[in-house]
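The data below hold one chain only, encoded as structure tokens and taken in the form predicted alone.
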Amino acid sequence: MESTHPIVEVTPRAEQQLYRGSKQLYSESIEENLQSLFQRLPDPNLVTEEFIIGSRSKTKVVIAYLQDVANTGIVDEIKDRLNKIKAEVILDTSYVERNIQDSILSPFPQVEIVSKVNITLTALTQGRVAIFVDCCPEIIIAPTTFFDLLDTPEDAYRRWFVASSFFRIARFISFIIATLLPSFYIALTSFNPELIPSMLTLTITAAREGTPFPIYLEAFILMGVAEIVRMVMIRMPNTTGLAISIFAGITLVLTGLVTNIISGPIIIIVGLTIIASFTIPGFDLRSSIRILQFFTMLMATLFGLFGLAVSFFYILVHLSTLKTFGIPYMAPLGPIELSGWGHTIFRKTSVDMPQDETYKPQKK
């Protein structure tokens, strides 16, 4: 019998634009979502297990995995954490996510939230587990790593492997820029101006002549305004919110420059930071970066380049020690596992995406 999919699966609801590949989205019916999964992956090793979670809501939660590929230890750990959820009501994947993650204090997401069927298929073939929640159009992929969160479907769909590797490395650089650029500017201009080229120092000094606020306060004000504009874009309807945010941003910037309340260089720094942050694929990871921006800016304001170095070192240590369901968060870079670099850090030139040992798949 030919299956039909509700119109919600093909409406432009995803937060990322996809230029190649399947654009099929999940619906809010768990039965239809599982049907779509089995249609795209008719493998006898694809198994599902059902849970009823929530003492009041009695929400149906289903996990799916490839029995001959997934690590049984990871699957058992996920099932154990699901069984330990004591919440009265489960309304969304976020209710499950916050109860199964390893660290509630870490700003980084430890599971991946996806809304496309093809991304789920790729995750299952890697040995990961998909968690479906009834009445929710997004699903949870666990475990996940930092490089999984920076991955995009276009990396696999592009014909030329060099282009995919280039854009992946560009996203890594954008992550560093979005996290450290404002704090780096504060540290150099406030504490170590001798490290800036002479001509650039004179340009910055001339641009800041007559401005009432110190450099660090300018940075915090503009970054705060940028966050307010982002919230307007999210809360308001798409067309209205975009128009209001653009108008408000241009008006504030021009007024600040004309009245000499803010300087031109800090506008360039904040603009570059915002652009770099929007290259990060996932909404949860972008939210984490925005929090880290203010953390590194505060450290640079208090201690200069030393504070910037300490904050960056702390972020690296946290990423290196963080684990998700026993898998290192920075795998396959930390610990180094060269077999996984072909589809995480780079993309190998091959017909099929290479299989790595990041999730320690079972051997057939």
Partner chain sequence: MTMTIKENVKDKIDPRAIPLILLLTIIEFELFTVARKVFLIAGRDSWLAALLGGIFVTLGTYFLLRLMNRFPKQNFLQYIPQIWGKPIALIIALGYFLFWGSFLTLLFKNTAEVNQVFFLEKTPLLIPIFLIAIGAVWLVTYGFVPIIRFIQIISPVFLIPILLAILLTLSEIEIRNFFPILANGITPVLKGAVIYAGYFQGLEVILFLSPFLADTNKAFKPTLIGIGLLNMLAFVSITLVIGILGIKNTNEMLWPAFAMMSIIEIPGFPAERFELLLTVPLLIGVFVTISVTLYLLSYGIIQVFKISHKKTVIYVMALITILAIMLVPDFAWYIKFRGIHTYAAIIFIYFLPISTLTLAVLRKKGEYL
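Numbering follows the first chain given and starts at 1. Treat the numbers as computed from the prediction; the structure is a model and nothing was measured.
Although it is not shown, the form predicted together with the partner chain is what the next lines describe.
Handout entry: Stretch in contact in the model of the complex with the partner chain, which is absent here, among 25 to 33, 316 to 324, 44 to 52, 59 to 67 (heavy atoms within 4.5 Å)
Key = Looking at the partner contacts, the answer comes out as 316 to 324.
Handout entry: the partner chain: the contacting residue among I250, L195, I291, L202 in the model of the complex [heavy atom, 4.5 Å]
Key = By the 4.5 Å heavy-atom cutoff, the listed residue in contact is L195.
Handout entry: Triple contact flag E77, F184 and G334 to the partner chain in the model of the complex, non-hydrogen atom at 4.5 angstroms
Key = Contact check passed for all of E77, F184 and G334.
Practice task
Classify N71 as contacting or not contacting the partner chain in the model of the complex by the rule of any non-hydrogen atom within 4.5 angstroms, answering yes or no.
Solution key: N71 belongs to the contact set for the partner chain.
Practice task
May I ask you to state whether F38 is within 4.5 Å of the partner chain in the model of the complex, using heavy atom distances?
Solution key: Judged by the heavy-atom cut-off of 4.5 Å, F38 is well away from the partner chain in the model of the complex.
Handout entry: Contact flag, F166 vs the partner chain in the model of the complex, heavy atom cut 4.5 Å
Key = F166: no contact with the partner chain in the model of the complex.
Exercise for the section: Examine M330 and determine whether its closest non-hydrogen atom to the partner chain in the model of the complex is within 4.5 angstroms. Expected result: Yes, M330 sits close enough to the partner chain in the model of the complex that at least one of its heavy atoms falls within 4.5 Å.
Exercise for the section: Pull the contact list for 270 to 309: residues with a heavy atom within 4.5 Å of the partner chain in the model of the complex, in sequence order. Expected result: M299, F303, G304, L305, F306, A309 sit within 4.5 Å of the partner.
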